[in-house]
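Taking the form predicted on its own, here's one chain by itself in structure tokens.
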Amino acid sequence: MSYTASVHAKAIDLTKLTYAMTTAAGSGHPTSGASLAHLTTVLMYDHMRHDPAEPAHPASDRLVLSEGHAVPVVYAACADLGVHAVFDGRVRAMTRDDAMTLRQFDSPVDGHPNPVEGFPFFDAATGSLGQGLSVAAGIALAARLDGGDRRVFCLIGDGESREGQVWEAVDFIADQRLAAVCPIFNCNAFAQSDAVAAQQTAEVTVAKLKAVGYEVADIDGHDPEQIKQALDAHAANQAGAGGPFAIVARTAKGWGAASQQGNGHHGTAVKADALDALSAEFDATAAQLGATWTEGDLTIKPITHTPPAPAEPQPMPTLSGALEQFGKADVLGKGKWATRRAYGVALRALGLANGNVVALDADVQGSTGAADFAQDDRLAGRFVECRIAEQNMVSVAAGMGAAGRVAFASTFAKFFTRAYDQVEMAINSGLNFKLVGSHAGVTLGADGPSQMGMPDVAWFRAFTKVRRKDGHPAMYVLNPADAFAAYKLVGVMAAHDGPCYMRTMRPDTDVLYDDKTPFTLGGHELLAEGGDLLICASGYMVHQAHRALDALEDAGVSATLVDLYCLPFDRDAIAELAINAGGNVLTLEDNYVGGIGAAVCEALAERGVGAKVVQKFVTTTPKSALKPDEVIADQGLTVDDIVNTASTMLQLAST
């Protein structure tokens, strides 16, 4: 009974601090935190192997708070345990006074879990609901590769469990037999605006989990012994190489105080003048439960494993060297090859050179090129088939990045659009991950617009204007025009500690470069120089512009052609080229507006360059066609269209 009494006492203590913190902030979610008080106590004070002085230890057990709004109760535990975080510019133990800075601008005690702000106990930013279990799976996959036995606990709200990604992750964990992951469903019966739907009740959640093969512990989430027994069962299951295991914890939102329970209290901080009365309710609950803290009843378990440091990556061979090594030396014989195929060769070569690289794909590995990695016996153990569940895949990649892996995740560029929120949350988390979207642009042709990545450049480009704390853009967007560029940029992406997105194309395209051509983040390639017109193109449109050069010359137009393969780019250099071309600028891209054309306009405007910029891009919803050129023609992006546009621009400029 001493153990039970101590857990109750600590749960009461953490709940009272949770309410005090949210009252001081004037906002927050104390009732959700109260429902997690006992689970948090048993996990952080007794079950998890972790070191408060080194919360990001690479072998510590991890706690992913998917229902991120409930974070005050975890902060309360961190303050009580002295978990280290960054306060006032230095790393030190967190105090209860620190906890009272919840949500303040100059405090790392953010409104939702946020490791970027200096709180390394958390691996990823959460609170955009439904994503935490996928992140937990990624962390566990990385631990498996390290040969470690770390456990990863994920707290999921019952209202949150309506999100489809939760069940993508549930299936994924079963597919991968990730016994190290312990999903804990916090079934407190209330969502934000009302009671949860019947489909999210504890009974139905248990049935769903059992139906897909999980062993389920159905417990009272405020009973210390039941919590301990369930967590011990999970540990035994993992040690015995069992299948998937989950806990469904029946809890009370606003536990400990009758005045805080029921509907209508979500996200509501208690007024300061009501705290004393509320504290009296908690004290009465403590007395009723016989809650008494006894030192030594709860003991943090020590970390038992330290993963080996990853081997130093070796240099990748050149594309020509890799093709020779893989028995594909003849693929460039016709002078053209698809960038998606070059990506596959690059990923394989990178994987062999860097043991820290992992590859993920969403059931399209044969199309994206990732099959080259997956089918190499030396690499197959580092390939993760995520099936048709792109949201889960992105968050798994983020989790693997949080655990120190360099994760490349690929699918069609179009299908990344359904995972935009997951991408943004991974960026918010400050994680290192790489995305590769194949079949980008209208040149996909026959499959039509349901498979074409069209708005991706505009969306990803928004992050190229955002700066991380280290000064780098939040994301680099890469759109290589040929096989050599695609191959080399994979290595460049891997060497960068931060998010990158690369587009690749389905059709074979002409080889423009060679093994010696340098490609860099923020770079561009100058393919022709002239004094009348600056053409900035990316991807497939570089080839259209390149083919137009002779016709432009015949029309009396001397053009500079830039392969603008990276966003952001060197704005000063592009501005100077625009000035040298008399301020006449034509941009070409085979995607919707908001891509390189918009970026060039912004760069010139910021530098006060007087220029006439004409943007050519996809202006109508494309349709399928048997040949890419048919779609290109329908969008007004042919060689003739380029020549006619350029001639018209210069005629107008001279009048």
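The numbering used is simple: start at 1 and walk along the sequence shown. Just so you know, these numbers come straight off a predicted model, no measurement behind them.
Omitted here: the form predicted in complex with another copy of the chain. The next part is about that form.
- Only one of Gln131, Asn188, Ser538, Thr339 comes within 4.5 Å of another copy of the chain in the predicted complex through a heavy atom, and that residue is Gln131.
- Proximity to another copy of the chain in the predicted complex, taken as a non-hydrogen atom within 4.5 angstroms, holds for one residue of Ala481, Ala140, Cys566, Met452, which is Met452.
- Though the partner is left out of this view, Ala211 does reach within 4.5 Å of another copy of the chain in the predicted complex, counting heavy atoms only.
- Taking the partner from the other structure, another copy of the chain in the predicted complex has no heavy atom within 4.5 Å of any heavy atom of Ala548.
- Contact annotation for Arg144: none of its heavy atoms lies within 4.5 Å of another copy of the chain in the predicted complex.
- Mapping the unseen interface onto this chain, Asp634 counts among the residues with a heavy atom inside 4.5 Å of another copy of the chain in the predicted complex.
- Site residues Phe172, Gln391 and Phe415 are all in contact with another copy of the chain in the predicted complex, judged by any heavy atom within 4.5 Å.
- Of the candidate stretches 444-452, 315-323, 90-98, 487-495, only 444-452 has residues with heavy atoms within 4.5 Å of another copy of the chain in the predicted complex.
- Although another copy of the chain is not shown here, in the predicted complex the stretch 147-175 places heavy atoms of Gly159, Glu160, Arg162, Glu163, Gly164, Gln165, Glu168, Asp171, Phe172, Ala174, Asp175 within 4.5 Å of it, in sequence order.
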